[in-house]
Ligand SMILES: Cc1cc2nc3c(=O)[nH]c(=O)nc-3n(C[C@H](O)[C@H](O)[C@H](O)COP(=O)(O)OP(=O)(O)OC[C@H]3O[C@@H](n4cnc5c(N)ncnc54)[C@H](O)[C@@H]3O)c2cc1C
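Just the one chain here, the form predicted alone, laid out as structure tokens.
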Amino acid sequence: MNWAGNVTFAAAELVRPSSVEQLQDLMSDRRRVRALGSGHSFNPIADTDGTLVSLENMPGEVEVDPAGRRAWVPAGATYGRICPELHAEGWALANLASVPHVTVAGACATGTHGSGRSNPGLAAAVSALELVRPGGELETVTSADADFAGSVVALGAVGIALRMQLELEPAYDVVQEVFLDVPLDAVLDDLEVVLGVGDSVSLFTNWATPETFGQVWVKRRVPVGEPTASTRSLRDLVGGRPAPAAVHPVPGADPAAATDQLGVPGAWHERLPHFRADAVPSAGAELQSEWLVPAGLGADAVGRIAAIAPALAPLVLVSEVRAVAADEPWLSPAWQRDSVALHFTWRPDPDAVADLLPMVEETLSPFDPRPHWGKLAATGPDALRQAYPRLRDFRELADRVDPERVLSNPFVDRCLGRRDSLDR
């Protein structure tokens, strides 16, 4: 099963190779293969009726190149593993997702992102990747290659990543503050400014009280070991009150699972995620959906969602609004446009959520939404082609490197609009 328990894998076998040669042999020998990351996707993107491959036993170390400000990392490692190692050598990544439990390859392949008007998705940090192709060939794709922009956010359809090279910057600290009961109308009046009041800003609501965002998390970078400088406060801008104690994004959940708040500086990898790497992230028992809309339409999109709050509130544990900077991977939800992401953490009721998704998508349809590849959506192939202008180019790339569709599955085929059936 996946992390949420809503997808039961149909694989005939689960294999954990412990060498590159074993993985190459496996890839050249099996009819259907899919890579399994942390299982944090909420749809069948990782499923297969053939062989499911876990990279957890593969050898690999974090190899930092200080002169090039880059590091090779094992693709199957989680951010929770690699980030402390990078920090120990004085380096950092520009941004992280809210959950550090996901693997580097899985997060990048599905277009996962963090928050910040200047922060693109996690795949934007990738400058090269080492892949095992369907025939077992080992190949390195770099940012200089024509296929690179189609090979990082790739839905697992062009190869199984062994290593990924990430761009680095010097380590930094982050302070995290939370504001409570921030008026929604005041935020929407100047959403882009609000989302830029920190290096990373997240607006949380469960839509039970749609007139306010119950929590707003503001994360700001500070130099390591230096006092925090005062900045314009969110409270001064739109109201709300500082949280007097630590909170959890999901109302009522134990704040011990969340990263430290209250303005106490800490290492980048201990503040940029919302959740601690050694704790259960988010609610634990949940489902998730997310759509990204152009930044200039974000306020109107959030306002339209607020208008259907009575339908949402019974199923929403928490909803999050964030900014994501434009980037270049073909299948990135923020491809070539600054975006506002509307995220929904649902109660674990798959049927009820499935019934509600068309309403959410219809509400967002005037705003050119792009669904997150690893989360629940009702978007069909035709709508996906409109949302992702380079989807046809990606399909041509996938067909070229994997003509026998060894790495495909019904979910990927449906997303790519492959109307002919697979030979099962």
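Residue indices: 1-based, along the sequence shown. Values in this document were obtained by computation on a predicted structure and should not be read as measured data.
Another form, the form predicted in complex with the ligand, is not on view; read the next lines as being about it.
**Q** Are all three residues Asn95, Val222 and His269 in contact with the ligand in the predicted complex, where contact means a non-hydrogen atom within 4.5 Å?
**A** Looking in the predicted complex, the three residues Asn95, Val222 and His269 all stay beyond 4.5 Å of the ligand (heavy atoms).
**Q** May I ask you to choose, among Leu356, Met58, Ile45, Leu364, the residue with a heavy atom within 4.5 Å of the ligand in the predicted complex?
**A** The residue in contact is Ile45.
**Q** Between the options Ala107, Val73, Val321, Val126, which residue brings a heavy atom to within 4.5 Å of the ligand in the predicted complex?
**A** The option sitting close enough to the partner is Ala107.
**Q** Can you say which of 389-397, 61-69, 37-45, 24-32 gets within 4.5 Å of the ligand in the predicted complex, counting heavy atoms only?
**A** This holds for exactly one stretch, 37-45.
**Q** I'd like to know if Leu155 sits close to the ligand in the predicted complex, meaning any non-hydrogen atom pair within 4.5 angstroms.
**A** Heavy-atom contact with the ligand at 4.5 Å: present for Leu155.
**Q** Would Thr103 count as touching the ligand in the predicted complex under a 4.5 Å heavy atom rule?
**A** Contact with the ligand, yes.
**Q** Applying a 4.5 Å heavy atom distance criterion, does Val99 contact the ligand in the predicted complex?
**A** Val99: contacts the ligand in the predicted complex.
**Q** Within a 4.5 Å heavy atom cut-off, is Thr112 in contact with the ligand in the predicted complex?
**A** Within the cut-off, so yes.
**Q** Determine the residues of 284-307 with a heavy atom within 4.5 Å of the ligand in the predicted complex and present them in sequence order; the list may be empty.
**A** Heavy-atom contacts to the ligand in the predicted complex: Glu286, Gln288, Glu290.
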